Ligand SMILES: NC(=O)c1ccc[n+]([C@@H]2O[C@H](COP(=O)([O-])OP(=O)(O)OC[C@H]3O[C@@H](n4cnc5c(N)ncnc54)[C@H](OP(=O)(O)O)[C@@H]3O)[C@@H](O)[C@H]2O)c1
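To begin, one chain is listed below as structure tokens, in the form predicted on its own.
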Amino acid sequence: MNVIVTGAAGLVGAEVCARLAAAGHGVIAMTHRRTTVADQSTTPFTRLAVDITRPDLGLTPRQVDQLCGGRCTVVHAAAVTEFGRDDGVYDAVNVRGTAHVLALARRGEMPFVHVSTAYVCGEHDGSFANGYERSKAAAESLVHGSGLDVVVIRPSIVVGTESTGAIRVFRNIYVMLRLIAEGKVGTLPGRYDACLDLVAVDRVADLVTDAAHRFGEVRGQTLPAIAGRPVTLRECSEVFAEYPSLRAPRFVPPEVFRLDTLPPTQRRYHDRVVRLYEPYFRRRTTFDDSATRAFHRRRPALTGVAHLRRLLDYCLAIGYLR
């Protein structure tokens, strides 16, 4: 099987490339501006520099013809995932970029595996916490309306591996973990019964790889890629308190939280960072992964509080947290 993987240098995309190549599949690893693919296997990939914000991904007509004639499956993992970016960036990459990849897949009648996010469900009132969620919901709508054979994978909050807690890049939730651990934001708006669904990157990559390899079994389905058990904010606070060098956060119900009572330094961090993540500190959202469990029978080996400890242990071991 030949597989095109967009976002092949990304957190999930690189892991998917490695798994597909190790299984003997031909992998066309698409990256932006010749970004280096973080190889996880000794099997070489075919690397292709693209720009998904451009029609035909910026490729030549000859390159497009070769791809469309190659009987490929597409795994679309390219996206801007950082919070706080301008809406124009999300629209260009996550929405129009998806439209351009879909157009290429449609020309080649390629099966399409789309990596979305579990949080396309938005808030309880139908709104979205940020531009990232909104753009991923819009992209998913394009996928479902494309007329292609599709599978949608919806990861929750992607974090380090089950076995070691290792992760290649520290973004998003890791930024908050560091600010909390260093005491730069000690008091935050949030509910102790809110849930953080922290899914290991290897679990997500395994599911995406299986969906591409066994596409016919899940054609047309949406498969959440979630933790076996989320952690509550109360559990997060208690786990942080187990580590002598880390500060434990204090969460205050959002309706009574007063930013003006905090020291100036903490207020600045709230304005710049915490506000981006505050919706996740009040959500009690849980996800139904029964369809995933029926297809992908490998259960998480480590979940919940035990996985959170492993993530913190890794961050301390390499010096990201002190």
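The shown structure was predicted, so the numbers you read here are calculated from the model rather than taken from an experiment. Each residue number is its position in the shown sequence, starting from 1.
Note that the form predicted in complex with the ligand isn't included here; everything after this is about it.
- The candidate spot formed by Leu11, Asp51 and Val158 is fully in contact with the ligand in the predicted bound form: every one of the three has a heavy atom within 4.5 Å.
- Distance criterion of 4.5 Å from any heavy atom to the ligand in the predicted bound form singles out Val93 from the list Cys72, Ile226, Cys195, Val93.
- This chain is displayed alone, yet in the predicted bound form one of Arg250, Arg219, Arg171, Arg234 has a heavy atom within 4.5 Å of the ligand; that residue is Arg171.
- Although the partner is absent here, Lys136 lies within 4.5 Å of the ligand in the predicted bound form, judged by heavy atoms.
- Mapping the unseen interface onto this chain, Ala181 falls outside it, with no heavy atom inside 4.5 Å of the ligand in the predicted bound form.
- None of the heavy atoms of Phe112 is located within 4.5 Å of the ligand in the predicted bound form.
- Residue contact check for Val143: none of its heavy atoms lie within 4.5 Å of the ligand in the predicted bound form.
- The stretch among 242-250, 185-193, 72-80, 226-234 whose residues place heavy atoms within 4.5 Å of the ligand in the predicted bound form is 72-80.
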